[in-house]
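Just the one chain here, laid out as structure tokens, in the form predicted on its own.
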């Protein structure tokens, strides 16, 4: 029956229907009509079955709270989930408006209504004596819409110490302490130095994250950390902090796969629609992953040698560009033209990619030109390299997206910030039935908010670890729940 019921926003043209429904209610028809016509805070919904009005919902939104003035279903149509459906429609509106709490009063004698609200997560707060005109008491009920877990996540897989506190998709804090300047003089990340800097910084980052979120550790519902992949020493710092906090506060410990975190960074800007293709491109990884549901990962293609981000860094180094090289190559390539003829990477597997041969060719080319005393046009070489490397990647993306008939393509990882990659993919998919998303620039690199977002889904499924869990620098995303 529910599918045959029509729900609509009420207008003054529904006056007759409102009088038909609400004549015997405590909240009068005239009050409801006043809400429709004059109350800017009010939202009134009606339900019709075969042209007959059968239910009404009137609620107000004031800043971050809401009050239900009346919800009523005529006797003949009760036990058909009409009230529940009206409430669900209301929740969607309240979610979009950023509402945190809903309140209402119900007659003490109205047991069916009380049971419905309690089933919907409302809690009895107090009794308002003599509230109704006939002297009956009212029970005051409140529902907290911020019931999602408060998660503290730690990311320390490489050269960023980051701690984030989130509730569902709301980032309360995402503090990142970058080590780039300390590693730049070495032309790349020095693992021992990275570990020492994590130890030095992590407590300061934790303090800053808690202050920014205005949260105490006692309020946290779960502690998440990056278990891998990454640098083993760096990972261990995050693990020990997360373990200690989980032990002290007796809260769940959630290991998160680093690449899964990168993928789920996109969930801060869009709902995931399955099946989707996740294009994970970073300094340590290049993988094409099909997801048919949350936490369902199928690797259909990956690099057989160097990651694309690693290739960017090594080409930048041979061109004497600063670390991190990906940003510098992207910037310099805009000033050049693809005048150098470079080998196109090729592998026999359908969707795997290779970048090592391209990188080696450029290194040999630069060394050869230097030995001959010939000038190197860095901008043209950067442009030539980028065009070939990205073509190798996006050609496979096109093929996978077509074969698996995906609804979305999510680009994830540090290289997702690359402007030329964005340009190529947007030119392909902007007018396509496939939705294309990149995470916000602030969430492209390593950060703890992405770890927290993936941890939310693990929390929902109660995928927790015991305190004897370790780290795994070579952890496969398909083994995300094996530790």
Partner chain sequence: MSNDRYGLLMDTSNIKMFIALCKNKEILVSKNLLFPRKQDELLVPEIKSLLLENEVNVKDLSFIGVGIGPGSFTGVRIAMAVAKTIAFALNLELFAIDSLMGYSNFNAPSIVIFNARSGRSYFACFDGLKSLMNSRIVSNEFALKFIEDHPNYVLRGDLRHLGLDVDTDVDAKSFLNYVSNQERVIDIKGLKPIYLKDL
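Residue numbers count along the first chain shown, from 1. Since we're looking at a predicted model, the values are computed, not measured.
If you look for the form predicted in complex with the partner chain, you will not find it shown, but the lines that follow are about it.
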Here the chain appears without its partner; judged in the predicted bound form, the stretch of 403 to 411, 190 to 198, 359 to 367, 326 to 334 with heavy atoms within 4.5 Å of the partner chain is 190 to 198
Contact assignment for the partner chain in the predicted bound form, among 203, 394, 304, 118, heavy atom within 4.5 Å: 203
The one option of 220, 103, 138, 245 with any heavy atom within 4.5 Å of the partner chain in the predicted bound form is 245
Do all of 316, 320 and 376 end up near the partner chain in the predicted bound form, with near meaning a heavy atom within 4.5 Å? no
Just checking whether residue 175 would be counted as a contact of the partner chain in the predicted bound form - the rule being heavy atoms within 4.5 angstroms. no
Contact between residue 468 and the partner chain in the predicted bound form at 4.5 Å, heavy atoms? yes
So in the predicted bound form, is the partner chain close enough to residue 239 to count as touching (4.5 Å, heavy atoms)? yes
Against the partner chain in the predicted bound form, would residue 293 count as a contact residue? Criterion: heavy atoms within 4.5 Å. no
